[in-house]
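As a starting point, one isolated chain is supplied in structure tokens, in the form predicted on its own.
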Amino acid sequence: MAQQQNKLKLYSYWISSCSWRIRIALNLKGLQYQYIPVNLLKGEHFSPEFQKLNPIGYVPVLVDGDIVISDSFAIFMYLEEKYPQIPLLPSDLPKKALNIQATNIVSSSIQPLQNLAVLKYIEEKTSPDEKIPWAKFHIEKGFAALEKLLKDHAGKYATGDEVSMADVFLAPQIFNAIKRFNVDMAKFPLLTRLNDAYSELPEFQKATPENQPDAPPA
């Protein structure tokens, strides 16, 4: 098993749900890391220095010694392989596949359609009034699918009684649905219950936006 030798560096933005996923994973695995803020509103992700780390200009980026990885899914899988002492993917193959399926609903079918760049494009090309309905439509479509997918598998957490990859990706998405997009969670009782469970976990709470060093003062 690999032991942590170098202090990891995480390029992150406080409200970025993709960065948030990795903060949770790092906390759950007990890994120390240096937090390097990248202010998306100021366009710091377009700087030549940052684009050398990630040519597409998104956070998060993880630096582990000489290794540079971008994209939260890729970073998660790297951490899972290199630091397996606290696994977040089940060894049981069907349960592992279920985790990856639920994760991909969040990372491929919900979050990219409601991120900052897409909402700005919707606002510019149509109307500022269209961006929230657009986001809510895609969030609710994904949440409805997740409710069906997980209903026969969930325990205390998304795919059983142990925290796993699906939970790491679900927690920020549920939070943003409630806080940023005012989604009516009464339609999604399973996800609501999971959200309550996440609120009791210190590794999840330590990763929340308001607890990040680049969060604006309350």
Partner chain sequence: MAQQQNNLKLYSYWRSSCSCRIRIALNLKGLDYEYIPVNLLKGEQFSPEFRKLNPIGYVPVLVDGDVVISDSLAIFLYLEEKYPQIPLLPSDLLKKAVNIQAANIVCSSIQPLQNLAVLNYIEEKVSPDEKVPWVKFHIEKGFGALEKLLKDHAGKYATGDEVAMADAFLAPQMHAGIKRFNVDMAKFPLLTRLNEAYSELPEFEKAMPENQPDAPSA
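Positions refer to the first chain, counted from 1. None of the values given here were measured: they were computed from a predicted structure.
Omitted here: the form predicted in complex with its partner chain. The next part is about that form.
In the model of the complex, none of the heavy atoms of Pro87 sits within 4.5 Å of a heavy atom of its partner chain. Put simply, Ile139 is far from its partner chain in the model of the complex: not one heavy atom of it is within 4.5 Å.
Although the partner is absent from this view, Pro128 stays clear of its partner chain in the model of the complex, with no non-hydrogen atom inside 4.5 angstroms.
Contact check for Asn27: every heavy atom lies farther than 4.5 Å from its partner chain in the model of the complex.
Shown without its partner, this chain lists Pro189, Gly65, Pro55, Gly155 as candidates; in the model of the complex, only Pro55 has a non-hydrogen atom within 4.5 angstroms of its partner chain. Annotated contacts: Ala197, Phe204 and Pro217 are all free of its partner chain in the model of the complex [non-hydrogen atom within 4.5 angstroms].
Residues Ser70, Asp71, Phe73, Ala74, Met77, Tyr78, Glu81, Lys82, Leu93, Pro94, Lys96, Ala97, Ile100, Gln101 are the ones in 70-101 with at least one heavy atom within 4.5 Å of its partner chain in the model of the complex, listed in sequence order.
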